[in-house]
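Here we start with a single chain on its own, the form predicted on its own, put down as structure tokens.
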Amino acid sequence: MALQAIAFYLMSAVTLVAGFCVVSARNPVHSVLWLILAFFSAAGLFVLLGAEFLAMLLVVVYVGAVAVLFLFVVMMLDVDFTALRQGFARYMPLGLVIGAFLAAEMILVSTAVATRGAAKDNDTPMASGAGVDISNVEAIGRVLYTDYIYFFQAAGLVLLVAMIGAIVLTLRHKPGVKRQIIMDQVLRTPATGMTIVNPKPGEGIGE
């Protein structure tokens, strides 16, 4: 128990420090790297709490996809961050108000957990087969892939259509720009793909 408490306080401190560095770092690339560290530390906290599925989501989805995508976008785009920082003071009051609401919500949740116990003492079943000693991942898997599988598949289809729609809406054919014709390249043969010429010595090849 002592080792688990030490790990909890250590990863909590790392998460808090990394979260503060995310918003205080001047370099956006450094902010994304601090964000990745915060995600890893939060994943460790979820493992200590027995929420292995949430820990896996943080590592696979947020660290492996979202944070890495942010990192590459920040590094590849030529963004004028000096101009972005100029509007920081203008949005400071709104940010403070939102931060105050978030802090109040976290205090209310922490107070409720401290006074009435954790979610494991709740009598409401979280998944089918409640009362059976199953892991967190298995319980969520039963909900997603057994009880509500059709809703889960429908949500996947909606996301697929949204992704295709975003690609179609942003695709623009500019006039005067040469584009590849994939079918012509696939169906190309030696007879249509090359021309054999026999230029005379001292003469070049014309169009």
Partner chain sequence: MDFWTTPIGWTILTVAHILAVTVSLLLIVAFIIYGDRKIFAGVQARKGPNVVGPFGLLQSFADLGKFLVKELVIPAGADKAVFLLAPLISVTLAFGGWAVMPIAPGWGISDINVGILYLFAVSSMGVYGIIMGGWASNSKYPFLGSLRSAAQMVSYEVSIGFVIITVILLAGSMNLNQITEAQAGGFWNWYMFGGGLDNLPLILIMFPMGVIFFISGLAETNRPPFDLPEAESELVAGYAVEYGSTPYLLFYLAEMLNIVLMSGLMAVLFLGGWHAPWPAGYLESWPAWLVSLHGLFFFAIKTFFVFFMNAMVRAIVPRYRYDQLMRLGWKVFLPTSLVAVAVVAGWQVYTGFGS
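Positions refer to the first chain, counted from 1. Please read these numbers as outputs of a predicted model, since none were measured by experiment.
Just so you know, the form predicted in complex with its partner chain exists too; it's not on screen, but the next bit is about it.
Proximity to its partner chain in the predicted bound form, defined as a heavy atom within 4.5 Å, holds among V168, I182, L157, V177 only for I182. Note on the partner interface in the predicted bound form: the residue among L49, A162, V29, I149 having a heavy atom within 4.5 angstroms of its partner chain is V29. In the predicted bound form, at least one heavy atom of S135 sits within 4.5 Å of a heavy atom of its partner chain. Contact check for G64: a non-hydrogen atom falls within 4.5 Å of its partner chain in the predicted bound form. Within this chain, V59 lines the site of its partner chain in the predicted bound form, having a heavy atom no more than 4.5 Å away. Its partner chain is not shown here, but in the predicted bound form it comes within 4.5 Å of a heavy atom of V68.
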